[in-house]
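First comes one chain, alone, set out as structure tokens in the form predicted on its own.
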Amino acid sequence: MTLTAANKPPRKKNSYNPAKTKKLLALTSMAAPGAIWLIMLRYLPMAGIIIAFQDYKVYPKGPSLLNNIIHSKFVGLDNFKFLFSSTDSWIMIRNTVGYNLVFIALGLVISVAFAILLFELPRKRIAKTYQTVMFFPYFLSWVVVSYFLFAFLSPDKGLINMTQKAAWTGEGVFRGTQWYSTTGPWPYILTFANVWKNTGYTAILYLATITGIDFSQYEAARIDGANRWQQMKYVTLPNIKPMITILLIMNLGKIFNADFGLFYSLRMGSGALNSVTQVIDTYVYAALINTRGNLGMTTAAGLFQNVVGFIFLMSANAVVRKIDPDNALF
């Protein structure tokens, strides 16, 4: 039977549903603060990218951002040259990328290991205590951590040098290790500090994923004769693989961004450590101070970091999508 205009069933008009509308308003009000924050602090400031291509000046007559941008001279890519014209360019890029690669690798292995160990603890109260102890360093400022570290490494009153002095049996005056002028130990110190501070936070993310695994999978594995190691290998790790992949992609997107507090605060202002602590962020900060607030150069550096990070993020996601499409971000 062919439907004609005469015998087609009438269309139902969209009726007003108070319950559905109320639910929609509730969900919208919950999402609104985050959306407003994202628009105000992430999207609107993108208009300032133009400063990266200007000799930005603050004009006394009508000193508003828009007025300054309109009257500032356009200089093209000149602001980007300072990142590569210095003799320290290779050092800061090498340190930034090198440290981030080490942090990503160690952070992944250690965080996953701690998450699995916490999950395997039979007494949950003890596990929660360990979680709190591990999570606490994440809330500490790097300034606070730098003074904790100084209590150990101080040339005069540091715990390590005082211990060495107490055990000194040689002749002459004991001078101790000048930690803040000796570059050798600092890659290890910075790596340990980063892992110590951030492992707890990442381990909690993995632990939350492990906790959400269907327990019947472990029961089926035990019935098949799998021991604890095999359960971890064939049940736990495959289930947390999506979380590992997502965090890995996100971290690769920040490969050219360094933790400013880590590399600036821990060295306590020692210029002798520049070869192992100089990263893009600290270099840009020093350039900003030395050039008396050249915002064009600092904006160019930030834009460069984000563009490179975006390229890394998209590339990593493309590789993951080709290997395992289900675990890609998009």
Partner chain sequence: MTTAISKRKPKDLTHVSLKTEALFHVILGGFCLACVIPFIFVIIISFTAEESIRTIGFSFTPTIWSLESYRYVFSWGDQLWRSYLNSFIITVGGTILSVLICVLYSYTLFRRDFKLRKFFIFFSFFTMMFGGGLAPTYMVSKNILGLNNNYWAMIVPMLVNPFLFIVMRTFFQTTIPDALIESASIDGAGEYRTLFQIIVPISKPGIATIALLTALAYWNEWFIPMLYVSNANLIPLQYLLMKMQNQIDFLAKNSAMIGADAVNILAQTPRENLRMALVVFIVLPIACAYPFFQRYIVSGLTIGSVKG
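Numbering follows the first chain given and starts at 1. So that the term is clear: the rigid core is the largest set of C-alpha atoms that superpose within 1.5 Å between two forms. Source: prediction; values computed, not measured.
Separately, the form predicted together with its partner chain exists; it is not shown, and the next lines address it.
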_in the predicted complex, Val75 touching its partner chain (heavy atom, 4.5 Å)_ = no
*Taking heavy atoms only, is Trp168 within 4.5 angstroms of its partner chain in the predicted complex?*
no
_Just checking whether Gly225 would be counted as a contact of its partner chain in the predicted complex - the rule being heavy atoms within 4.5 angstroms._
yes
*asked:* Just checking whether Val307 would be counted as a contact of its partner chain in the predicted complex - the rule being heavy atoms within 4.5 angstroms.
replied: yes
_Candidate stretches 141-149, 100-108, 233-241, 76-84, one within 4.5 Å of its partner chain in the predicted complex by heavy atom_ = 141-149
*Taking Tyr43, Met134 and Tyr264 as the candidate spot, are all three within 4.5 angstroms of its partner chain in the predicted complex by heavy atoms?*
yes
_Interface residues of 27-43 toward its partner chain, as seen in the predicted complex [heavy atoms, 4.5 Å]_ = Leu27, Thr28, Ser29, Met30, Ala31, Pro33, Gly34, Ala35, Trp37, Leu38, Ile39, Met40, Leu41, Arg42, Tyr43
_Rigid-core frame, C-alpha of Phe119, shift of 2 angstroms or more between the shown form and the other one_ = no
_Once you overlay the rigid core, does the Cα of Phe152 travel 2 Å or further between the shown form and the other one?_
no
_Given a core-based superposition, decide whether the C-alpha of Ser72 shifts by 2 Å or more between the shown form and the other one._
yes
*Quick one: in the predicted complex, is the Cα gap between Phe136 and Pro33 smaller or bigger than here? Answer closer or farther; it shifts by 3 Å or more.*
farther
*Classify the change in Cα distance between Val284 and Leu41 in the predicted complex as closer or farther, relative to the shown form (magnitude of 3 Å or more).*
closer
